[in-house]
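The chain below stands alone and is given in structure tokens; this is the form predicted alone.
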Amino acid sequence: MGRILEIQRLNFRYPDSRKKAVVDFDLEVSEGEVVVLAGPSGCGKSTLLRAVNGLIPHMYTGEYSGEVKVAGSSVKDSSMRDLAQTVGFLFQNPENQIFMFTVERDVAFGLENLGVEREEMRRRVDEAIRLLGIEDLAQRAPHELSDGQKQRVALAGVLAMSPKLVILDEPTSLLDPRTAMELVDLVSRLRKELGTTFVVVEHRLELLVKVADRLVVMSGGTKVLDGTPRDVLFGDEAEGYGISVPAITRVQKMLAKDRLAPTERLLTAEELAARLGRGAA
């Protein structure tokens, strides 16, 4: 697989700040990966996302050095128009990006701004609506929808642009547990069906670890941990960086000290239930 995202020694400091928001940050993401980015508030996650989708340095100015490439093209040398077709961004609050009179028009909004031909626009909108399973919502007004439905509509608008990389900024923060799990399952399905690459900022790690290939932890503007979710969360350093280690993992780590835990590194309730089932058998 090729690399879809390459970040090399990225540094950024806002004009009104004495310290850098991102410090010597390096990251490579391959096509089709699901990478979860975690860390305490103020660690630089939001700044990093802005640097990937081009808001930094095109909209936010400051002291900038290093390189960010998406699909081989430098972000700082690309126009926002070109980046919009390469990097999709789903905001934490979907209401920030849905504002048309109907769901169908909302999904088509980005394509209309790019001047996509009507026949091609129709095809892309229909495909995005089908992928998200919101055919029954197409003619409804977005303000009538639930938070979960709004999230799907916003994501449909992102996917209609056919981006190579999709960034999700705390996508489950406004969702109830059931709807949040549906969104996580959707990410897994889109990765399998379309080969979409996802970078997800999320505090509720117990939701994402089952579909993530890697977990990257930030602290003080730099990358401090990078590995599979099992390796990172079962390591000795994870909790020291203020991330939310899943409860099942914390309990297992405590039991392991007395040699009472199973040898597998369990991350989810589903894995624990399966393990207990095998034990009972």
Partner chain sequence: MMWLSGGFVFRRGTSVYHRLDPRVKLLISLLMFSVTLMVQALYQLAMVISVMVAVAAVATVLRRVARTMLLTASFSGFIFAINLLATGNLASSALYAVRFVAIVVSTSLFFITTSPDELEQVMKTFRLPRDVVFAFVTAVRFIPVMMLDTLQIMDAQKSRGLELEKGNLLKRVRNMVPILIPLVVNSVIRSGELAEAMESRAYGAVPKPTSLVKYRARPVDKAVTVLAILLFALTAYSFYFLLPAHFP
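Numbering follows the first chain given and starts at 1. Small disclaimer: the values here were computed from a predicted structure and weren't measured.
The next section is about a form of this same protein that is not shown, the form predicted in complex with its partner chain.
Can you pick the stretch from 70 to 78, 139 to 147, 185 to 193, 206 to 214 whose heavy atoms fall within 4.5 Å of its partner chain in the predicted bound form?
So the stretch in question is 139 to 147.
Could you spot which one of 161, 166, 131, 175 gets a heavy atom to within 4.5 Å of its partner chain in the predicted bound form?
Of the listed residues, the single hit is 161.
Non-hydrogen atom within 4.5 Å of its partner chain in the predicted bound form for each of 53, 114 and 157
The answer is yes; 53, 114 and 157 each reach its partner chain.
With a cut-off of 4.5 Å between heavy atoms, is residue 84 one of the residues that contacts its partner chain in the predicted bound form?
Yes.
Closest heavy atom of residue 247 to its partner chain in the predicted bound form, within 4.5 Å or not?
Answer no; every heavy atom of residue 247 is more than 4.5 Å from its partner chain in the predicted bound form.
If we define contact as a non-hydrogen atom of the residue within 4.5 angstroms of the partner, is residue 104 a contact of its partner chain in the predicted bound form?
Judged by the heavy-atom cut-off of 4.5 Å, residue 104 is in contact with its partner chain in the predicted bound form.
Under a 4.5 Å heavy atom criterion, is residue 100 part of the interface with its partner chain in the predicted bound form?
Yes.
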